[in-house]
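Just one chain is shown here, as structure tokens, and it is the form predicted on its own.
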Amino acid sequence: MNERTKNFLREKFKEYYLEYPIQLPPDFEHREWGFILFDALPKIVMRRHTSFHSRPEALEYLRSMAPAHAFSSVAYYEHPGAGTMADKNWLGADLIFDLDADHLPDAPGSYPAMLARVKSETMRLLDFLTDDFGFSEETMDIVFSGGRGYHVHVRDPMVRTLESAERREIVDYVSGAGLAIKPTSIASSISEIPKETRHGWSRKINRWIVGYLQALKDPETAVNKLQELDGIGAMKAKKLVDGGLLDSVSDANIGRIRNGEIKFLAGVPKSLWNRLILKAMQEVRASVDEPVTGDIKRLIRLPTSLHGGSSLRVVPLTLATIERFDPLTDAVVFSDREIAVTADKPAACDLRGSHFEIAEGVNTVPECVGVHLMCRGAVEYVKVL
């Protein structure tokens, strides 16, 4: 990123911080702040051990410095601006979850697909937090990170003093670590499945299995759907369907399945139930970054700030708005006026429902696309048209 591009981005970020409402975290006066400025890029040099005593002071810093990245601590300190961690005097910390494409198994390759996958993982986590742990929406902040995932801040006073080990236990629970069934036990004998009337993982597994089996209505589509399970190919799937599987999981028997009673369902081999349980675990669990949750002194990206690696807004969400949230449209803040950029090699991106292809050399693009690609290091600024 050359100096001309850095100066342009700094001015665009400054415009944003002057024009858009900025949300400061609760008790921001007791948090440590950290910033990465455009001057240092592409090196990542964190300016931390900063604190603010008032909202005007914090806003003035953002508007004058226009940082590429802005963070505040998950922790609360008596002296957040102290130069060493020991001198800050830790008072507690929010419970933080980071869901990022980097930590997903078999993450899809395209940026839009990755964002969709991470959003699905986030919805699973939110189900655990509200259903299993009983956290209310009023004590949670859901945030699009501006990059490749989502953050969930739990600010319930009950979690504030949890130690790192206790926070990691919560991660183990939502990720399904330590649950009994493994791929190696797939063919073991089984006489029942988790009941819907139980709580936690049992209910989630039962509901997933019921939903899966209820989708097996048509023999032809059932053969294809059964092949989603590990160890079941086309021949085995057809054999199951021909052997009466669909009759065994008819609406009349769904009640038995909800109650965990499967020994009466002759058309379903015991090994299939284990495969269903294993698949349910994979589909229900949430993939979160364990080190982030366990770190009680971590800095986390500031909601409503801009992400210097994408130019996207770090968007606060709710349980209702996350369902319809489209980050590649709703987190874009810059205009559609045309600017000229230059690229050393072809690049591409998707924003506001359109796909943009950038050729080598000088290109004319909407400002939002140009800023996005500059932040990614794919193009350099030339001029406003």
Partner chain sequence: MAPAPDSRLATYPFTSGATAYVRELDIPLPDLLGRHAYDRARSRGMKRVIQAIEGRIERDYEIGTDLELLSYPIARMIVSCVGDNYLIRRYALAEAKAVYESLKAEPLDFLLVMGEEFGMRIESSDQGLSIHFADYVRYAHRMRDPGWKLVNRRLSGGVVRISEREFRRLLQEAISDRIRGGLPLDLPPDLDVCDALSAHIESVRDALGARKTEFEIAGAADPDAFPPCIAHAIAMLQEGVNLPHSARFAATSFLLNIGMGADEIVRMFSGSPDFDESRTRYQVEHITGREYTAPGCDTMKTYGNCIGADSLCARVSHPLNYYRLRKRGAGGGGGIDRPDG
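Numbering follows the first chain given and starts at 1. Here the structure is a predicted model, which means the values were calculated and not measured.
This protein has a second form, the form predicted in complex with its partner chain, left out of what is shown; the following refers to that one.
Looking at the partner-bound form in the predicted bound form, is G231 within 4.5 Å of its partner chain by any heavy atom? Flag for G231 set to no.
query = According to a 4.5 angstroms non-hydrogen atom cut-off, is H199 in contact with its partner chain in the predicted bound form?
reply = Yes, H199 lies within 4.5 Å of its partner chain in the predicted bound form.
Is it the case that Y76, even though its partner is missing from this view, gets within 4.5 Å of its partner chain in the predicted bound form, heavy atoms only? Looking in the predicted bound form, residue contacts with its partner chain do not include Y76, since no heavy atom lies within 4.5 Å.
Is F135 part of the interface with its partner chain in the predicted bound form - any heavy atom within 4.5 Å? Contact with its partner chain, yes.
Considering non-hydrogen atoms and a 4.5 Å limit, which listed residue (I262, A286, L162, L245) is close to its partner chain in the predicted bound form? Looking at I262, A286, L162, L245 one by one, just L162 meets the 4.5 Å heavy-atom criterion.
Using a 4.5 Å cut on heavy atoms, which of L179, A82, M114, L91 is close to its partner chain in the predicted bound form?
By the 4.5 Å heavy-atom cutoff, the listed residue in contact is L179.
Margin query: Can you tell me which of 99-107, 232-240, 300-308, 162-170 lies within 4.5 Å of its partner chain in the predicted bound form, counting heavy atoms only?
Written below: Only one stretch qualifies here: 162-170.
Among D131, M158 and E290, does every residue place a heavy atom within 4.5 Å of its partner chain in the predicted bound form? Yes, the whole trio is in contact, each within 4.5 Å by some heavy atom.
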